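Shown next as structure tokens: one chain only, the form predicted on its own.
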């Protein structure tokens, strides 16, 4: 195989593939890098790479050249690891990627047989489909999916432990299309995967491209959040590391997939109150916590988007299924759907509401006070017969994750708008008037 781009990712990929017994030809326009590799020396500093490079160059499993034509003529698969540096405005400089794609295309013009192309460079969604494939086709005169295939395979390597991470990936993500060439290239790539029980995900180009960015954004958020915890703990004389050690021991809720799927705004009796309390306490000690301070603003923005989705349908009669802040509870305190209902009423819409867990006869204490302040006419809007609630509705809003609501959506007349705020059905693309909140 060829590895185009002999920087950090490309060099690590080359020696790790050679370690697994494959023959690798590296390609880079930088003659110094090429000369270093051919001399058995690594162009990067990374644990174990120098020793591996010396061993595999001596064994003939790794070599380097400045010529893509030369490398591609002798290989069946190209792994593109060129840099995609960011500009100050956040856009990417795709000069190296465009050049590598054109070079692959030129090399393929005189090459017979199928060829696979794997993009490992970090690129924004749409790049593989709209930049790489057209560039290869234009330079080669050949067709993607027939003469060659392209897949996206983002890397998840940490500097300092890259060799370990290559051989023990947290996951393998391969994005492409449904055409035969893309699937064939994905099969070629996965045949090179290191052994282990890591998950393998085959998906669309854009999902694979975005996955890398979301991973890194999440890592950045974790670092910044941990630092904000330190800033609020320090003036209180609290050991922030002890606090976060406790936090990290919870792998059911804190370090898990819980609360990480796009859906409705957060609410209930705990989260809004506690975020406000931490923010108040930090301000009283002159501590700046930009992330924590803006959690409520972000939540409010998301709630406004939910209201806009409903208003944009242009309907006047709306049925709301699920009023409590989550399924399986009657808690209406700071339930986002109460706020949604209040705003829709303020816009003159006619509402009917169904939530079998909510009964006015049992609304007492803080629950009753909250409703009397925000939705005093709830008794006139709430009905325990779901068919009566749906009768005459032009739009149905799914407000919490009661699993019974999925069957309701499936039996609705296609003319009725469905605004799904919790993804009660996994794929609503076949419903003509379905809209989700973030999907």
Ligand code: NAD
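Because the structure is a prediction, the values reported are computed rather than measured. Numbering follows the first chain given and starts at 1.
The next section is about a form of this same protein that is not shown, the form predicted in complex with nicotinamide-adenine-dinucleotide.
Taking non-hydrogen atoms only, residue 96 approaches nicotinamide-adenine-dinucleotide to within 4.5 angstroms in the model of the complex. Remark: residue 324 does not count among the residues lining nicotinamide-adenine-dinucleotide in the model of the complex, judged by a heavy atom distance of 4.5 Å or less. Although the partner is absent here, residue 121 lies within 4.5 Å of nicotinamide-adenine-dinucleotide in the model of the complex, judged by heavy atoms. In the model of the complex, residue 292 stays away from nicotinamide-adenine-dinucleotide, with no heavy atom inside 4.5 Å. Proximity to nicotinamide-adenine-dinucleotide in the model of the complex holds for all of 27, 84 and 159, with the criterion being a heavy atom within 4.5 Å. Proximity to nicotinamide-adenine-dinucleotide in the model of the complex, defined as a heavy atom within 4.5 Å, holds among 424, 418, 16, 9 only for 9. Exactly one listed residue, out of 72, 337, 173, 100, brings a non-hydrogen atom to within 4.5 Å of nicotinamide-adenine-dinucleotide in the model of the complex: 100.
Heavy atoms within 4.5 Å of nicotinamide-adenine-dinucleotide in the model of the complex are found in one stretch of 50-58, 29-37, 394-402, 381-389, which is 29-37. Along 208-234, a single residue, 212, places a heavy atom within 4.5 Å of nicotinamide-adenine-dinucleotide in the model of the complex.
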